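First comes one chain, alone, set out as structure tokens in the form predicted alone.
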């Protein structure tokens, strides 16, 4: 069973005749310990889709009008507020693109990480164990609880060490403004990991950082995934980082997924015209200086989507019939899905 399974998700902003469809029939799965990148230009609906997993988009103004979001087999769209509080952080955690805006400027970082720990991981006596009673673990003997916490300060220091913050014993008393942008993002990652989630959603986690720090944060996420065995949903508009991070890639445009593929196959041979255009717009290091390849036009605004294929007005291979009907997302090769009948 997949850790996360989004089925035909549809979300509007507003209601009635004024409703604007922001996410339109999105389906996506993420397995345990898998990294999936959600790629597309700004305004495509990537962040709204990701926030919907834990129902973090307020209703109203949002309105979930269709579909399912199965997290560990449970539909979050049917959960009560109390049930949602348990899965937020406990099962899925988020790292956002601007750590300076996410951290509270008037509280020390140690206290902010402790808040997550107190919500999801209460203190335990060092001798606490799990009994194999009831059949679970029978024949395995007694298992010690994973990462037992006997002191919150010690656990905060362990988390800060885990994300590579130097001298965490003193850093625990820092305020956010006393740290660089890269260090602030590491604190946000430590806070997200404090509850030991099964899924980490990283929404443009390197946008506000310089190139060197971007690479460090991405390397950190890869290392943490390997060590902790968690799944990652990485949202980005930069296809340049996909090859090093992703197992699979979902390309999103105007509220719909237009291509879904294993990462290496997509980078080697993209199928959808939009994916091809995104890859062609990545600057090349070889071949000398040349004009960057840009995609003409802009992503259509919500409520102003063109008829038929939404990429057709910007597509170099568009045909008259492209504006007549929205193409379906079809599996054209094993494991490869594309929303374009003229992909060959």
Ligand SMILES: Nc1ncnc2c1ncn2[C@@H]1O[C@H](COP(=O)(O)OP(=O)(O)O)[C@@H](O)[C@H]1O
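Positions refer to the first chain, counted from 1. None of the values given here were measured: they were computed from a predicted structure.
The following text describes the form predicted in complex with the ligand, which does not appear among the structures shown.
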Mind telling me which stretch in 44 to 52, 311 to 319, 24 to 32, 273 to 281 gets its heavy atoms within 4.5 Å of the ligand in the predicted bound form?
44 to 52
Residue 297: touches the ligand in the predicted bound form, heavy atom cutoff 4.5 angstroms:
no
Using 4.5 Å between non-hydrogen atoms, is residue 307 touching the ligand in the predicted bound form?
no
Considering only heavy atoms, tell me if residue 36 and the ligand come within 4.5 Å of each other in the predicted bound form.
no
May I ask you to state whether residue 69 is within 4.5 Å of the ligand in the predicted bound form, using heavy atom distances?
no
